[in-house]
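Shown here is one chain on its own, the form predicted alone, set out as structure tokens.
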Amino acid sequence: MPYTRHMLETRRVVAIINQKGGVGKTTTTANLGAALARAGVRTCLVDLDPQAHLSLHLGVRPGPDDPTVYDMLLDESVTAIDAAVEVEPGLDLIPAETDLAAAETDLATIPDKQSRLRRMLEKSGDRWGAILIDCPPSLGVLTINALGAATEVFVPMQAHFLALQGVGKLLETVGLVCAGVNPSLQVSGIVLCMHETQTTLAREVVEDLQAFLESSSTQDVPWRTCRVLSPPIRRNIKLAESPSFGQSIFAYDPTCRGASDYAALAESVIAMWRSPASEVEVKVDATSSQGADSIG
């Protein structure tokens, strides 16, 4: 029986974030979102990166009169529903353009500049069961807005040593944001992208990451319920080709292993969301980020 958003206990707002570029962040936002929609969860993607790669990936190029995420953030009269464009059945996108880069400056004088996105998404009511936010690779006002709006964080990464170190620093950052902006936020999943299961390095990095997450499970940190999501997304040239056609992997080549990996990942995520363990609310203070030191 297919899942629907009504089978999820609460709407999920996921900030997909990594301060390192080229790790599969936009690819994961687009294709996990498409997979969730195909599994029956009405999904909205938010392109919050001024590079607008998510919009390009899905073939959306807003015209001069089309509202974008920039308009939604700066103009109270533009709602999330107004700005959303349906790109596939059950999958909507709130697109970006390069003028989003000006939002960092334009939001500076607005009193609720750190919670603007949360407030605008809340106005959409129960239209979407899941909202995935593609974050910029920097910690500015836009990323703070994403973390303020999110119920949880997914971190895409490659199983490389330096990427492992970067995840530790990223978790520290999320801990600090939790304390100041969104105390209930938790990091719930690591997505392994461009994964090469046959290499010794990849296996060792994954083992180190899993050991770290297990050691964090008893600490009062926002990643204490985090897990390495299954399955990993294997390296697949079709995933690299699909953006040039403005399509998700399911529209481009639904039979390739990239599509099968993201479909299986979506089922794993839905199962996690429906598990009581995923409903644990984590409270964290500014000192709790020290738990990430062991990998960062």
Ligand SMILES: Nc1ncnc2c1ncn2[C@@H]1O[C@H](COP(=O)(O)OP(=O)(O)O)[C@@H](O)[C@H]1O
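Just count from 1 along the sequence shown to find any residue number. Quantities reported herein were computed from a predicted structural model and do not represent experimental measurements.
Only in words, not in the display: the form predicted in complex with this ligand, which the text now covers.
Participant: So, N236 and this ligand: in the predicted bound form, are they within 4.5 Å at any heavy atom pair?
Facilitator: The answer is yes: N236 has a heavy atom within 4.5 Å of this ligand.
Participant: Please run the contact check for A271 against this ligand in the predicted bound form: heavy atoms, 4.5 angstroms, yes or no?
Facilitator: No, A271 stays farther than 4.5 Å from this ligand in the predicted bound form.
Participant: Does this ligand come within 4.5 Å of any heavy atom of S248 in the predicted bound form?
Facilitator: No - in the predicted bound form, heavy atoms of S248 and this ligand never come within 4.5 Å of each other.
Participant: Report yes if any heavy atom of R11 sits within 4.5 Å of a heavy atom of this ligand in the predicted bound form; otherwise report no.
Facilitator: Looking in the predicted bound form, residue contacts with this ligand do not include R11, since no heavy atom lies within 4.5 Å.
Participant: Only one of these stretches, 248-256, 61-69, 37-45, 228-236, has heavy atoms within 4.5 Å of this ligand in the predicted bound form; which one is it?
Facilitator: Contact criterion met by 228-236 only.
Participant: Quick one: which residues from 16-46 get a non-hydrogen atom within 4.5 Å of this ligand in the predicted bound form?
Facilitator: Residues within 4.5 Å: K20, G21, G22, V23, G24, K25, T26, T27.
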